[in-house]
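Given as structure tokens, the chain that follows is alone and in the form predicted alone.
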């Protein structure tokens, strides 16, 4: 069974929620955290699955996150919905703000959700998927902490700075992409370290600015942006839009706040939503039908749309359950049993 055993999705969800509740998180925070972590496992995204539980608990133990934060929503008749996460994780803040974002987008055609003072660790695709499920297109972005060198640089300055987009496809899974602006997410480097395997070339540099395939040297040095100067420029844009513009921490400031990369970073997040039908009003053609023409042309060339592999993994999980290795199951049981005492 792929060197592991299956666990029903709902059983995994219950266990992850229980871990967080036992550790001192409120039901609201625990529910949102568990949902995004289990979604990672469900969709075969191990770098954002149960592996992230330890980091969340470590951040709590260090006093760097508010486990009982109640997000405060400020929504008026403008296009900006503001959420003060109150030092809690971003997931509960997004869940609280989504209905307001949808309402403002439908009223105005475009709106944005600004989340401030949140702790963040998760993938962004669950958020843009939730927006697409409402028939809206969505963009999400956030900084991280300084672990990525700018193109041509030798020291960490930028964050991994993820960026996600979702487009609704009536009757089908949404078109979604979600990627770090570094070559890979930092969690992928950590997974290589745990497995004792070398990194592919071109992922990272060591503390002296020399290319390295050693995960430990990479974690002590810096990761590289994808696409050289292009990824570096996009990452810088995210620092500007999702940090400086919304009055929240940049990646270097987030690292200064924590003093370590072993905890989940504190910063803000920017989410934008668009109503395609409002934008296309008065013009010939249906925006969703026209989009399908593009998607069909991509598939006709034998190319894969982003997230297709993730959706396939989801379908398999929904039918068979989540596959966990023996080590993952043992660690999950230990976290459930011991809680905060299981993390240093």
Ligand code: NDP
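These numbers were taken from a predicted model, which means no experiment stands behind them. Residue numbers count along the first chain shown, from 1.
Separately, the form predicted together with the ligand exists; it is not shown, and the next lines address it.
Participant: Within 4.5 Å of the ligand in the model of the complex: all of 122, 162 and 176, by heavy atom?
Facilitator: Yes: 122, 162 and 176 each sit within 4.5 Å of the ligand in the model of the complex.
Participant: Only one of 237 to 245, 182 to 190, 100 to 108, 73 to 81 gets a heavy atom within 4.5 Å of the ligand in the model of the complex; which is it?
Facilitator: Correct option: 182 to 190.
Participant: Check each of 142, 113, 128, 118 and return the one that places a heavy atom within 4.5 angstroms of the ligand in the model of the complex.
Facilitator: Of 142, 113, 128, 118, the residue with a heavy atom within 4.5 Å of the ligand in the model of the complex is 142.
Participant: Check each of 62, 281, 318, 305 and return the one that places a heavy atom within 4.5 angstroms of the ligand in the model of the complex.
Facilitator: Result of the distance check: 305.
Participant: Does the ligand get within 4.5 angstroms of any non-hydrogen atom of residue 310 in the model of the complex?
Facilitator: Output for residue 310 is yes: heavy atoms within 4.5 Å of the ligand.
Participant: Give a yes or no for residue 47: in the model of the complex, does one of its heavy atoms lie within 4.5 Å of a heavy atom belonging to the ligand?
Facilitator: Within the cut-off, so yes.
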